[in-house]
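Below you'll find only one chain, the form predicted on its own, shown as structure tokens.
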Amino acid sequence: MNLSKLILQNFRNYEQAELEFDAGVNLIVGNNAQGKTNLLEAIGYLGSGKSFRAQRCIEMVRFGADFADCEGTVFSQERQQTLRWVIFGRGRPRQVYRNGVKKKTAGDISGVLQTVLFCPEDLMVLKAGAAPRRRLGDQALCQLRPNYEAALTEYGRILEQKSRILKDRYENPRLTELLPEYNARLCQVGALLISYRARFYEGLGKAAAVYHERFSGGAEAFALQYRTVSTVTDPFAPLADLQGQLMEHLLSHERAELESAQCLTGPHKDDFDVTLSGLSLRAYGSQGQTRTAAISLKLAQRELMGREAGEIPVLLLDDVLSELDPGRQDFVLNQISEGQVFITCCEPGQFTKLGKNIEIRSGTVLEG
């Protein structure tokens, strides 16, 4: 799987750009705020219809323009294909095309161009709160399992509606009559999320442990444990069992939810822990150990996606190498000998021997 050509029009700070890429390593160099990360954002968006930065599509449209156009040529699924997104400023839905044919949703291009992003924020995700770790898992699972993405969207919709009922019940007490129906639906969809997550984290932990063992020279044993609501004793149990256990936990918090007007329990609170030789990384891990573990998780994610698709996803490294010491830089570079990789870097001469060099200045491609 690789992206051979990318054409941008009015995307972020790119008024017009056409780039050709190597099937191996592509080094994107330039000073800060020139458009290097914008380029990675375009690549990620091309394959998924999602931005790792923007909350709204309009943010990707160049200031003063009516639309943005992002088109790429991809070799995937044993043939050459084209993907194209047209993003409008206001009032019109975006459009997606696959091989010149307009499609209805991003799901219609699923699997054509899969990417794994690694950015500086990911280096410390294991020390952060639960939300960034949930996001890491959800983003990976949405690419691996389209049905998971649909379930996650549905769960979020029901959760939002229940939250609104809890907040509005003081003005309209009869709204509480709707809560049992919403609780039942939350438990039904939530059980599906837990089932998907348990299997994903089991595979992710095993693969990451192998990378971490290589990284640490066998000095530390990496382990990942998925955590969901306390009444779920076995996240691999049948969906009916998970649904009943979720309901048990929810009902035990019913009064607290009514008093606080908040949804206090469910898989929207899920998390995972990493231990090194039995010690909690979050509590006891050094900065170096935390970064090593985060790198292992990202490489494991790429491996899992590659196994599933039969093709290695494109790896996007956004200014990560500059955040690592030389030993960790060498380890990461030794793990990217396969598949296509895009690396952004501020120092033009630092990794010149890696592959093709492309210099960006103010949204303009100077060479490549």
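For every residue, the number given is its place in the sequence shown, counted from 1. Bear in mind the structure is a predicted one, so any value in this text is a computation, not a measurement.
Same protein, other form: the form predicted in complex with ligand ATP, not shown, and the subject of what follows.
Asks: Counting only heavy atoms and a 4.5 Å cutoff, which of 42-50, 321-329, 306-314, 59-67 contacts ligand ATP in the model of the complex?
Replies: Looking at the other structure, the answer is 59-67.
Asks: Is it the case in the model of the complex that Thr231, Gln243 and Thr265 each bring at least one heavy atom within 4.5 Å of ligand ATP?
Replies: Zero of three within 4.5 Å in the model of the complex.
Asks: Although the partner isn't part of this model, could you tell me whether Gln16 comes within 4.5 Å of ligand ATP in the model of the complex, counting any heavy atom of the residue?
Replies: No, Gln16 is distant from the partner.
Asks: Even though ligand ATP is not shown here, does Lys36 get within 4.5 Å of it in the model of the complex, heavy atoms only?
Replies: So Lys36 counts as contacting ligand ATP.
Asks: Is there a non-hydrogen atom of Asn32 within 4.5 angstroms of a non-hydrogen atom of ligand ATP in the model of the complex?
Replies: The answer is yes: Asn32 has a heavy atom within 4.5 Å of ligand ATP.
Asks: Please run the contact check for Leu354 against ligand ATP in the model of the complex: heavy atoms, 4.5 angstroms, yes or no?
Replies: No, Leu354 stays farther than 4.5 Å from ligand ATP in the model of the complex.
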